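Take a look at this single chain in structure tokens; it is the form predicted alone.
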């Protein structure tokens, strides 16, 4: 009797980027015990989009963004859909390396490599506009390269400082001009009603995230950091209402876990604050390695997670101009990105997170070529050291080749934390 023919695997699932994503996702889902049941929504979402190549639908015009400084609320208000284009694929990093300097940031190379590729993942329609906030120098210079690929690009101008009133007014004008550009692209006027509705939409997502964020204070931990990074990465491209539904469902499960005393990690597992260059799927290797080695990432200060969703919009007057200015303030005043000339707020924020989440140490990731994070790490290390907080600085890229070396360094760092704690308890 002839055996049944093996079903043919679709071409996309045989591609390098799909295989790269599959390895990461299988590791996240299969190699850890006690995954929350509500995480299945996110596991399935990444499997459909990154491994099976499912196309993402959208409403209205599609607006690509390259940074969290592009106000999503304005995009939603004019009936368009935002999608964040930051990419974590080594496959796309290698494509970008063909036309970018060798020492460029892996994230920028991968993002441009994805835009240059004939098969973009996540698979979306071609963006009607790409908004590129002028944050780091590499992103600034990438605008012309993206335009050279045939995309329409809008440079959202950021000030170099954030403390002065002049910088605040400069940024408010930039955000207002962006609102006018969106009207040109979509043909829809920004109104009090549609902007208020958009702010409510994002505020719901932020409220869900804040609750999730606070669950990470639990000791022992009720959820691992690898899952939180996957959730926040899903916000890049998922429908915002479905995303909010899924996070609220997860929060309900975590409430039950907390009441039952569930332990997602060992009670004595070193509690780690993660900061620096953002972990972007499928490049979640450092957070995963930390938790694989017996630590637990209980908080982060990155633009692919905490910084992206934590700060809420505070509106004094529900008039269009006042709401736009309030949005501008929300995106500027709390921002702790190291692109600013001075960044004492970032040091204060890190110290506050260490205290609030009872972190035992900090892991600082700098993607090779990410100059702002590379330059800042020394001052951050000094601020943490002054408070007796150990920090591990890791310079890496999207290549999987350094995982063995990183694993050894992380294990040694976690063991040093355990030794410190044993001595303190003696």
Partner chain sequence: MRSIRDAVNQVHFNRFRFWFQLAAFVLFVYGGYLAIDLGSRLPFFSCGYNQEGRAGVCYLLPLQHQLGRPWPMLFTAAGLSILTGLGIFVLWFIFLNKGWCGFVCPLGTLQDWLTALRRGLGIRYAKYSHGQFKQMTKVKYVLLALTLLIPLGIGGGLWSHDLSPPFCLICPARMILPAFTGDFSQFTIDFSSKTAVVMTALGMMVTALFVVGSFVKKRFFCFICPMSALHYLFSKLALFRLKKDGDKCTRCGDCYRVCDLEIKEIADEVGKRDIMTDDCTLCLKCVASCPEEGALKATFAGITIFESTEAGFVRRMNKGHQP
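Residue numbers count along the first chain shown, from 1. Predicted, not measured: the structure shown is a model, and the values here were computed from it.
Below, we refer to the form predicted in complex with the partner chain, which is not included among the displayed structures.
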Would the partner chain in the predicted complex be within 4.5 angstroms of a non-hydrogen atom of every residue among 319, 333 and 352?
yes
In the predicted complex, the one of 143, 117, 219, 326 near the partner chain [non-hydrogen atom within 4.5 angstroms]
326
If we test each of 292, 245, 128, 345 for a heavy atom within 4.5 Å of the partner chain in the predicted complex, the one that passes is 345
Quick check for you: of 131-139, 250-258, 190-198, 230-238, which stretch puts a non-hydrogen atom within 4.5 Å of the partner chain in the predicted complex?
190-198
Would residue 266 show up as a contact with the partner chain in the predicted complex if we use heavy atoms at 4.5 Å?
no
Can you tell me if residue 262 lies within 4.5 angstroms of the partner chain in the predicted complex, counting non-hydrogen atoms only?
no
Hey, in the predicted complex, does residue 155 get a heavy atom within 4.5 angstroms of the partner chain?
no
With heavy atoms only and a cut-off of 4.5 Å, decide whether residue 94 touches the partner chain in the predicted complex.
no
Given a 4.5 Å distance limit between heavy atoms, list every residue of 306-320 close to the partner chain in the predicted complex, or none if there are none.
310, 311, 312, 313, 314, 315, 316, 317, 318, 319
